[in-house]
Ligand code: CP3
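What follows is one chain in structure tokens, specifically the form predicted on its own.
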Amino acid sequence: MSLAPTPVPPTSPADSDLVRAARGLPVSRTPVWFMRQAGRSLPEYRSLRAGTAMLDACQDPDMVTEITLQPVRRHGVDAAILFSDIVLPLVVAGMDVEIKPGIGPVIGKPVRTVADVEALPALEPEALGFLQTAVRQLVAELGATPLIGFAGAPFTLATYLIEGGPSKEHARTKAFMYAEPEAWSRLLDKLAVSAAIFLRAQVDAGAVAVQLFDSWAGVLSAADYAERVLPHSRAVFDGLGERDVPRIHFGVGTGELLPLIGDAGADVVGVDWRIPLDEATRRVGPHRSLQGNLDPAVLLADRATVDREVRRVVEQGRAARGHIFNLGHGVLPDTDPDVLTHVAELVHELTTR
């Protein structure tokens, strides 16, 4: 029996292990990156950001470049994720949005009526020059390491707009979705167009993969997601046109939605920590890769526990067409950066061909 040749180390981001795993191709080792790796737990990030508001930092190309590069230098991860925020397209379009420390995005004038939906300003591509400058700078610095672009999915952005900020129940969002179906569809149509513009700007400047975050989709039933949300998420990915980049789609609490999340147009389905990757593979099917799914809280445990859980995720990930090692949600602020570095090294040690 002949064995497939071992892939040589990539010489370009488009042939990186991350892109290859996303496409289900052979890799030299399982690629690793961490959601929210750019910021939060890193002292060098806190030092750089001191005195600068989050949304101002996201619009400063030099600061975006440095913050995005920090975890690549420190942890040796296999991809960079653009430092930004999911509400940034709303801000650039002219909406009154503030990220309040300890709270999150707060909307100055929430969307509560049909007229509010119609009054939402559109995102103009010409306003994203700062974003493309940052991406070009990053691509020049990263060399063969791929840059992942990202955007917030229409449903999650709609929840912030309707609730006026973070919410646990998302009751106003669901009430609007049920009571005003036409306005709901119009709202998500607008947000899908904005997200697609935001992603296209990043890809056209050099990002070689994208991730669509639908952080709060897990509050929906499968039926509501399929009817009222999935078409709009698909529109975001369709909005990339012929741009040949892997598409990653992630949500929290979406175990019952995994097949549908894939159907929205994903090459890679992100999995949170609640579902084992071998079970996620069964649900998603053999034609999509998986990303995930170490519980972020595990990183706060002792080293033996961390190692055991990393080995478990790596082993369960072997069931998938391709596996990108990640957390099941973002890095917690209290995480010791040295633990993240160790996890990246351990995954590489366990999976190097």
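Numbers follow the displayed sequence, beginning with 1. These figures come from a predicted structure and were not determined experimentally.
Just so you know, the form predicted together with the named molecule exists too; it's not on screen, but the next bit is about it.
Leu260, Leu290 and Val314 all contacting the named molecule in the predicted bound form, non-hydrogen atom within 4.5 Å: No, none of the three is in contact.
Given the stretches 178-186, 196-204, 117-125, 100-108, which is the single one in contact with the named molecule in the predicted bound form, using a heavy atom cutoff of 4.5 Å? Looking at the partner contacts, the answer comes out as 100-108.
Which pick from Ile248, Ala280, Leu161, Leu82 sits with a heavy atom within 4.5 Å of the named molecule in the predicted bound form? Among Ile248, Ala280, Leu161, Leu82, a heavy atom within 4.5 Å of the named molecule in the predicted bound form occurs only for Leu82.
Among Val139, Val219, Ala226, Ile86, which has any heavy atom within 4.5 Å of the named molecule in the predicted bound form? By the 4.5 Å criterion, the partner-contacting residue is Ile86.
Any chance Val298 has a heavy atom within 4.5 Å of the named molecule in the predicted bound form? Because no heavy atom of Val298 falls inside 4.5 Å of the named molecule in the predicted bound form, the answer is no.
How about Leu294: is it within 4.5 Å of the named molecule in the predicted bound form, going by heavy atoms? Leu294: no contact with the named molecule in the predicted bound form.
Given that the named molecule is not shown alongside this chain, does Pro61 nevertheless sit within 4.5 Å of it in the predicted bound form, heavy atom to heavy atom? Judged by the heavy-atom cut-off of 4.5 Å, Pro61 is well away from the named molecule in the predicted bound form.
Do Ser215 and the named molecule share at least one heavy atom pair within 4.5 Å in the predicted bound form? Yes, Ser215 lies within 4.5 Å of the named molecule in the predicted bound form.
Under the 4.5 Å heavy atom criterion, name the residues of 19-50 that approach the named molecule in the predicted bound form, in sequence order. Result: Met35, Arg36, Gln37, Ala38, Gly39, Arg40, Tyr45, Arg49.
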